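Quick setup: one chain, the form predicted alone, written in structure tokens, and binding and motion questions come after.
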């Protein structure tokens, strides 16, 4: 359920529409909840009809919400979902692209199809969302948030597919910021480290021992919360973040400040298999 923010005014995004790809679980649902609690109308997209229905039902407790089934790998399906959002709410002011796939696989054992699948979902899917929503965001105050990860710049064993996809997202974010900035469209990314309450971290650190090893690589000695990532997205889309464009905001408790070595070693020793 959407929870009121202790930081931002409850009417901050009233009258604005937020489109969230992958917005039915994890980080992306957390972002949708936060924008909904701040007065925005939400439109969420997922491959699962059941997840879309569940997320929309929850979001409607705090404000207007709707959704559609679409696979971000299918550009036509993304365009169709955006069309439904425009038909329902009349506009899109903010787009969040966060659909992602992840699993642990050493590069020598990773199939070409496995590599391609993650790149297709994360990188190609993010481009599809950005490209499809762009015609409706060509106005001052519009904002796009791409969800990246610290794997974009931290080489991790068993994550070559994710590292490549996220690095591509970061580069794409910067190019789009340069090309679309003159029209008032700001494009930024958020790169979380480990985040509580996500399916990805549950899969990648399945035991308390795995979690503890990874936690010890974080200077703050804790994972981020879903609310903290959501508030980062809200900041970037608010007037307080109005001069941020082409940025990749890292939200990892300082983990990447120490470099990738400790993280990679902990990840390698903790990773399943």
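Residue numbers count along the first chain shown, from 1. From a predicted model like this one, the values you see are computed outputs, not experimental measurements.
The same protein also exists as the form predicted together with a small molecule; that form is not shown, yet it is the one meant from here on.
Undergrad: Any chance all of 16, 38 and 143 sit within 4.5 Å of the small molecule in the predicted complex, going by non-hydrogen atoms?
TA: Result no, not one residue of the spot touches the small molecule.
Undergrad: So which of 80-88, 177-185, 132-140, 96-104 is the stretch with heavy atoms within 4.5 Å of the small molecule in the predicted complex?
TA: Comparing against the small molecule in the predicted complex, the contact stretch is 96-104.
Undergrad: Considering non-hydrogen atoms and a 4.5 Å limit, which listed residue (201, 152, 92, 123) is close to the small molecule in the predicted complex?
TA: It is 201.
Undergrad: Quick one: does residue 48 come within 4.5 Å of the small molecule in the predicted complex, counting heavy atoms only?
TA: Yes.
Undergrad: Since only the chain is shown here, I'm wondering whether residue 173 would be in contact with the small molecule in the predicted complex (any heavy atom pair within 4.5 Å).
TA: The answer is no: residue 173 has no heavy atom within 4.5 Å of the small molecule.
Undergrad: Tell me, yes or no, whether residue 163 is in contact with the small molecule in the predicted complex, where a contact means a heavy atom of each within 4.5 Å.
TA: The answer is no: residue 163 has no heavy atom within 4.5 Å of the small molecule.
Undergrad: Within a 4.5 Å heavy atom cut-off, is residue 70 in contact with the small molecule in the predicted complex?
TA: So residue 70 counts as contacting the small molecule.
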